[in-house]
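Consider the single chain below, provided in structure tokens and representing the form predicted on its own.
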């Protein structure tokens, strides 16, 4: 089958984790050009507020809000069943929902780690599997695409972010494999791998009583705004890129690090994750 390049124009997009951060920004940037948006999240009030905001700027945009806890298999199945039952012409799946946990692995409560794995790994995979037939059905009538939100963390083993980084390594690898499998079917798959983004993600990922902040530990040059991240992600998807790192400096560092022996990278990470001197307020 001849590959049709994906386009966001007049797309019907399902966005998970749409209540805040990158998910809400995906909705805002797709709203002017999409035919229909399906916003999925756990917080009904935020979904409703976002839908109202988007309708205020474009009254003809069809928006569905679905409250669902994607850490629950039954909720994922309910979500997909509704899409299939209503025969919604879904042709873009944005797997954005994700959780993090900052702190040492041995001190972590399993109640924090289990949802990270369930949402970042299992839910993303399960929802993709459930909705893939709907995406396939659109090929030929329109283009179809899957955008998986991974992270720069997925390229490296990161102390104090061990489970989160490993979960994102899975997302990146899964996206690459799925891309190769689905290319003959005409479905584009892109992995978005941003560095630090100033959203509420880090606040939620930080444990009670902890002071670890990934944003504090990173150089300001590595941070990228949600607007730029989403813009580059959608452009990369339309250009059929396998992966997008929406920060030129980070992209150069990742490419350069792949030329280094892993023991060198390991030592650099170890030194970078060493004890930090506490900040003194003046």
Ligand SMILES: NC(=O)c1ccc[n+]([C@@H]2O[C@H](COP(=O)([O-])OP(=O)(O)OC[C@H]3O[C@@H](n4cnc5c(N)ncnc54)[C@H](OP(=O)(O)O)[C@@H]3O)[C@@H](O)[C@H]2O)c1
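Residue numbers count along the first chain shown, from 1. For clarity, every value in this text was computed on a predicted model and none was experimentally measured.
As for the form predicted together with the named molecule, it is not shown, yet the points below apply to it.
Student: Just checking whether residue 20 would be counted as a contact of the named molecule in the model of the complex - the rule being heavy atoms within 4.5 angstroms.
Tutor: Residue 20: contacts the named molecule in the model of the complex.
Student: May I ask you to state whether residue 197 is within 4.5 Å of the named molecule in the model of the complex, using heavy atom distances?
Tutor: Flag for residue 197 set to yes.
Student: Looking in the model of the complex, any heavy atom of residue 170 within 4.5 Å of the named molecule?
Tutor: No, residue 170 stays farther than 4.5 Å from the named molecule in the model of the complex.
Student: Whether residue 174 contacts the named molecule in the model of the complex should be assessed with a 4.5 Å heavy atom distance threshold; does it?
Tutor: Taking the distances in the model of the complex, the answer for residue 174 is no, it never comes within 4.5 Å of the named molecule.
Student: I need to confirm a contact call. Of 114, 81, 204, 185, which residue comes within 4.5 Å of the named molecule in the model of the complex, counting heavy atoms only?
Tutor: For this set of options, the contacting one is 204.
Student: Go through 232, 238, 64, 69 and name the one with a heavy atom inside 4.5 Å of the named molecule in the model of the complex.
Tutor: The residue in contact is 69.
Student: Can you check 129-137, 105-113, 148-156, 174-182 and let me know which stretch has heavy atoms within 4.5 Å of the named molecule in the model of the complex?
Tutor: Careful reading of the contacts points to 148-156.
Student: Listed by sequence position, which residues of 36-53 have a non-hydrogen atom within 4.5 angstroms of the named molecule in the model of the complex?
Tutor: Sequence-ordered list: 41, 42, 43.
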